[in-house]
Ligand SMILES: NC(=O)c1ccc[n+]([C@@H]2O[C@H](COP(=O)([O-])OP(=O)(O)OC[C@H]3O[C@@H](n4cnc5c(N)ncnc54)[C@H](OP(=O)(O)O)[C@@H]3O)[C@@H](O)[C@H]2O)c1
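Given as structure tokens, the chain that follows is alone and in the form predicted alone.
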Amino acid sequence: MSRPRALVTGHTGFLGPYATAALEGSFEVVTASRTGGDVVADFGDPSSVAAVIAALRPDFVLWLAADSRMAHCELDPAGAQRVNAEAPGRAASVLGSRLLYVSTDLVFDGRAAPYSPFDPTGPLSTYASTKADGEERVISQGGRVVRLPLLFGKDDNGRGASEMVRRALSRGEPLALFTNEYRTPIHCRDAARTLATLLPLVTCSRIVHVGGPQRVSRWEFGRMLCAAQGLSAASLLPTECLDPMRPRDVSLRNEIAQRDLFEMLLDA
């Protein structure tokens, strides 16, 4: 019996390889992104969604494609809107509940944490606003949303919270980490495995939070990583965040049990 086909968009991003690996045991995985895959697609082009779905004929879609560069989104809000909101909304209009849209804890304003899935959003940046709009469009078409927090894990391209710390330390560079920005970080592998479990569950809740087990600041995260990895934290600098576009506490009320944060950091 053939396996269902799962399309992963944005598979060349940080989470993409982890998600693809997690899905491969149960699905025939096909991929699409701007820089390669089974289909090369620019989701800023309104015609791209229909073309990709027609070409790959997926049974399910895990929508990871996004412009997550906050500064770039501020410079090109219309482009961010097309990629982060309009494209997944179009996909959901075809696939309904078979589409799982990956969103962010940054859709909240940071004033009422910890957040449950149906707490009101209050995005502070263009990136967050377009992701919140993407959520609404997907849900209105019968699709589903998973919000993820700060992600970490090994990455050859230096992406993610743990690689940022490790690379700065390896170069002997001081690294400023916020003491007043709180999140519930999770290893990419743990997030990907949970996404793979949720993808075929078309009758599950329309919005699910997949957060890590512990609320920590960026500063606390950096020190915990150093402790887990046997690294010196001497060059980590505690710094207060003053950026009005960065919410101070977007910790998620976790709905799905995850392994201990320190255990995750051991293989970050």
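Computed from a predicted model, the values in this text were never measured in an experiment. Residue numbers run from 1 along the displayed sequence.
Same protein, other form: the form predicted in complex with this ligand, not shown, and the subject of what follows.
Asks: Would you point out which of 30-38, 230-238, 197-205, 54-62 contains residues with a non-hydrogen atom within 4.5 Å of this ligand in the model of the complex?
Replies: Flagged stretch: 30-38.
Asks: Could you tell me if Ser217 has a non-hydrogen atom within 4.5 Å of this ligand in the model of the complex?
Replies: Taking the distances in the model of the complex, the answer for Ser217 is no, it never comes within 4.5 Å of this ligand.
Asks: Please tell me whether any heavy atom belonging to Pro247 falls inside 4.5 Å of a heavy atom of this ligand, as the geometry stands in the model of the complex.
Replies: No - in the model of the complex, heavy atoms of Pro247 and this ligand never come within 4.5 Å of each other.
Asks: Hey, in the model of the complex, does Lys154 get a heavy atom within 4.5 angstroms of this ligand?
Replies: Although this ligand is absent here, Lys154 would stay clear of it in the model of the complex, with no heavy atoms inside 4.5 Å.
Asks: With the cut-off set at 4.5 Å between non-hydrogen atoms, does Phe108 touch this ligand in the model of the complex?
Replies: No, Phe108 stays farther than 4.5 Å from this ligand in the model of the complex.
Asks: Looking at Ala128, Leu99, Val165, Leu148, which is the one with a non-hydrogen atom within 4.5 Å of this ligand in the model of the complex?
Replies: Filtering the options by heavy-atom distance leaves Leu148.
Asks: Arg193, Phe221 and Asn254 - do all three of these have some heavy atom no more than 4.5 Å from this ligand in the model of the complex?
Replies: Verified in the model of the complex; spot residues all out of contact, no.
Asks: So which bits of 91-116 sit within 4.5 Å of this ligand in the model of the complex, heavy atoms only?
Replies: Residues within 4.5 Å: Val102, Ser103, Thr104.
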